[in-house]
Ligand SMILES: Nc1ncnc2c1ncn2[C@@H]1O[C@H](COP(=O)(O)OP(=O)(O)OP(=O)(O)O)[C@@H](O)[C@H]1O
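Here you get one chain, nothing else, as structure tokens; it is the form predicted alone.
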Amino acid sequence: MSAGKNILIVDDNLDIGDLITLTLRDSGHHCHQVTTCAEALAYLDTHVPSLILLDVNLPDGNGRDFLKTLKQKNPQQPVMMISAHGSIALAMECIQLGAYDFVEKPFHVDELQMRVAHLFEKDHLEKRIEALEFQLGEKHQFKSLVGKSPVMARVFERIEIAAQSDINVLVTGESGTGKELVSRAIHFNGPRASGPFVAINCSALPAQLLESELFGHEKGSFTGAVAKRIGKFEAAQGGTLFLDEIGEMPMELQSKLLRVLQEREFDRLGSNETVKVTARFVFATNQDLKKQIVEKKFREDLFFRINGLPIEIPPLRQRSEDILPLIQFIASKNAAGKPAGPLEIDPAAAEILFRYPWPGNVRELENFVERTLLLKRGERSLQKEDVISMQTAAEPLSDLNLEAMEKKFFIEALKQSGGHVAKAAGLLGISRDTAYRKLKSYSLQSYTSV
């Protein structure tokens, strides 16, 4: 049997409520009974049930009107209406208002169990299909880019504009904000969606290997080139080439990349054959490229080429209203296609999560949710005690110096990891390269052991 669901029963007839509760508990579900709209709203302030069974006639309101209220609060909330005065017209009205089903009293317990099971099975299949679409990359609409904040709305607008053109795009943002997800969304929502999406991290390889990875090489073009190899420029033909950490590209390669962008052609290493480029380019960085230009670390002419359409992703601390939707999305993804309802998030826990500055951004949030759910062994809730370790950092951001706060978190992470930089980076939800760069800028080498 699949894991039981949390079901809210809203019916002023206690006998009916008890019957429904006993019936659904036999199927392994957890039921909570209330008798009025007011009690239901109070319960929904702190809980997100997998299903609401709602009577049409209630002491303090009309169930149809209350259904509208529920759908305004949460359009995805499954609601099943029940009534002793059923008619086809009433049932159709409720369905049009967003109810999943309409059950007429008196009902047979087997029928109720079947209808509830059918609802959860349908929901499970829809989630499974969505998960498979994501894994297969069939179409990355903005499913994995969660956010209803105004700043994210502007990001989505830019993605839509970029997706319909071949303009070079520069995605900027702190480590862990989701720059590659934005790049994939641009690719999979445009005319090149059927072509390849090829990604390369410019900071992951030394200059010679990076050049070979990008341009490809002929057999014997250098020591170790035992066979001809196609580079990323060719592999991305007809699709999108995503160059991450472009600010880390060595200067000698920047001039060669500039030529590719200007001429739309290149030569493989060891070859005189010119290859035309048909890929579009998306670049990303967490660094200030204008500052790097001043420091002679990045070419100004290359910056103007790659910065055709800039898209800046805000850090998580600037869009706290997206934290709870992100947590629910991560928890759903973490269920790996298994049927699972939304997390129940205690208001006290939510308050700490809102005020915590998330130096590792969405990546840190994802690590936190996955780790917490693992430790809770399947219990789908977040309580204050689950986030209490963040309490000391949960101070109003306006009262704090963000640079000093970030330094404080790095010191704490290094202490927890015994001075191991890679482990500290994992705790913070950032890359090892970013961790080393930050450690150097804050002069924290004395805290490291590895």
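Quick note: we count residues from 1 along the sequence shown, nothing fancier. Computed from a predicted structure; not experimentally measured.
Unshown form predicted in complex with the named molecule; subsequent notes refer to it.
So if I measure heavy atom distances to the named molecule in the predicted bound form, which of the stretches 294 to 302, 250 to 258, 342 to 350, 358 to 366 falls within 4.5 Å?
Of the stretches listed, the one contacting the partner is 358 to 366.
If the cut-off is 4.5 angstroms on heavy atoms, which of these, 280, 268, 187, 179, is the one near the named molecule in the predicted bound form?
Spelling it out, the residue with a heavy atom inside the cut-off is 179.
Only one of 324, 152, 91, 235 has a non-hydrogen atom within 4.5 angstroms of the named molecule in the predicted bound form; which is it?
Only one option qualifies, and that one is 152.
So, in the predicted bound form, is residue 146 in contact with the named molecule at a 4.5 angstroms heavy atom limit?
Output for residue 146 is yes: heavy atoms within 4.5 Å of the named molecule.
So, residue 286 and the named molecule: in the predicted bound form, are they within 4.5 Å at any heavy atom pair?
Residue 286: contacts the named molecule in the predicted bound form.
Taking the named molecule as it sits in the predicted bound form, is residue 211 near enough to touch it, meaning that at least one heavy atom pair lies within 4.5 angstroms?
Residue 211: no, not in contact with the named molecule in the predicted bound form.
Would residue 120 count as touching the named molecule in the predicted bound form under a 4.5 Å heavy atom rule?
Residue 120: no contact with the named molecule in the predicted bound form.
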